[in-house]
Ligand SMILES: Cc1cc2nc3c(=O)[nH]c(=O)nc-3n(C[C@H](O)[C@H](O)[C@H](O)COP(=O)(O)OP(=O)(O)OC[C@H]3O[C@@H](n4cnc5c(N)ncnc54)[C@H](O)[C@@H]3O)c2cc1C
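Here's a solo chain for you in structure tokens, the form predicted alone.
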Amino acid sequence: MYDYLIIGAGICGTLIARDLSRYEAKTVVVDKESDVGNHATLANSAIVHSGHDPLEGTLKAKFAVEGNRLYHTLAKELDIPLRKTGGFLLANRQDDAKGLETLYRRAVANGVDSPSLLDASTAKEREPMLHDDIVAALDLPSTMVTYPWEVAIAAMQNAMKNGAALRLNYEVASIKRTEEGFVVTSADGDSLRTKVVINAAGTFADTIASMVEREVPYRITPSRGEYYVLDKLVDGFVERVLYPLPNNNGKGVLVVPQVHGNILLGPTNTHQTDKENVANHAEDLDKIKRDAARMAKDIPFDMTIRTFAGIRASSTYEDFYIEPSKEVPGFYHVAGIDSPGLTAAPAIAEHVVGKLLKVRESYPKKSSFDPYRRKKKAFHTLSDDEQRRLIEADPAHAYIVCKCERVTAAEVKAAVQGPLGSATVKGVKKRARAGSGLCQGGYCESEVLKVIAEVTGKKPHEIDYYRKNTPILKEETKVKR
């Protein structure tokens, strides 16, 4: 019997699990995917927003500002990357400058750190590649970017280190209320018993809620956002996150420097009924080009290395829906976590554990809780002497698998074998960055497959790309018949 069962191993689910692992309570996270952070956490803008945009008094405003500040603590404790870019919210016309003033007042009301209004010449002095038509900017210095995959992985690794459990490939098929709590059963017939269920299932939150509630207080309305990724050789083209004035359709298309030097352009915001369709569309990609070009000039689209799309868990409720069930005691909603969900996630976790669940009233804190997670430095960043010692200990360090990102065979092995390792091609990419560079795996995926096969004892055509039953290869052909 678990005390808490969290459905969803995205950024919110994993950070809630980490905060719960501070207490003498049994916690398990379940997810239908083969890895953590596989939906909204996987494909988003990676921005830790300042909190300037949400309406005053909303949970989005409160948790965005609190979450932004908590990321500094997460960076120290979990060793996650955090790039302090700052942000400019831009106006292209004098009439739009009034919108900047409105958002400035909102930022001040929300408690954003040090916002200020800039004239065009000051803004362009700080960001020379701003479009000539820019007339004013709202400076948001607390804006940052992170690496969302790694945040979720690090949070779950730390939660597991402190006693939490994780069950992947666990698609919840039913939830039954019992006298003791709940029985949560997977599509494969596996059942887990728990006193409390926390529904952090992202785009599937309403589906999960309908298993226990007659009237779900929200409906998830998925929004598809598409992006361009520019090669890291463009690093420095702009230093700050560039925002347009927001509209009724969201924050708009952004220009976003990334922690590894790439630049992200997007997203679009297209509502759809399909909760998993992440196909790109030519008209949406064209829109990104047009909208981004209004903020920055001479954007090097010729340096594009990939496009992708992600799904946001927007809902019919106007704010985050973080509430206990009105029908079923012991069932809690953490739903509708769209933008600024990545930013808000650390504060959401604190709120859920501290104020919603009131865990400290039922369970003592662990004296053994260790908040730290440390990752090994990338081999290519080490000194010659450090590299030589590692090669002597393990010759796999001498073999470069991914030339774009300079990832060694030893690092691929560690991504497969390490805490919360993954024996999939994309799982290795998330942990070691093999396949993240200019060729996007064109040269190294076959080598990654070989290393995974060596570590797991599987044949290359048995190895999944990412989800269960997604092999790249069909069968071996160069064999004697």
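Heads up: residue numbers just count along the shown sequence, starting at 1. All values derive from a computational prediction rather than experimental measurement.
Keep in mind that the form predicted together with the ligand is missing from the display, and what follows is about it.
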{"item": "Listed range touching the ligand, judged in the model of the complex by heavy atoms within 4.5 Å, from 435-443, 52-60, 33-41, 411-419", "value": "33-41"}
{"item": "Heavy atom of S339 within 4.5 Å of the ligand in the model of the complex", "value": "yes"}
{"item": "A46: touches the ligand in the model of the complex, heavy atom cutoff 4.5 angstroms", "value": "yes"}
{"item": "is_contact(L20, the ligand) in the model of the complex, heavy atom dist at most 4.5 Å", "value": "no"}
{"item": "Non-hydrogen atom contact T143 with the ligand in the model of the complex at 4.5 angstroms", "value": "no"}
{"item": "Contact residue in the model of the complex, chosen from I263, V172, A292, L166 - any heavy atom within 4.5 Å of the ligand", "value": "V172"}
{"item": "The ligand: the contacting residue among L138, V253, M156, A200 in the model of the complex [heavy atom, 4.5 Å]", "value": "A200"}
{"item": "Within 4.5 Å of the ligand in the model of the complex: residues from 307-338 (heavy atom criterion)", "value": "G310, I311, R312, I337, D338"}
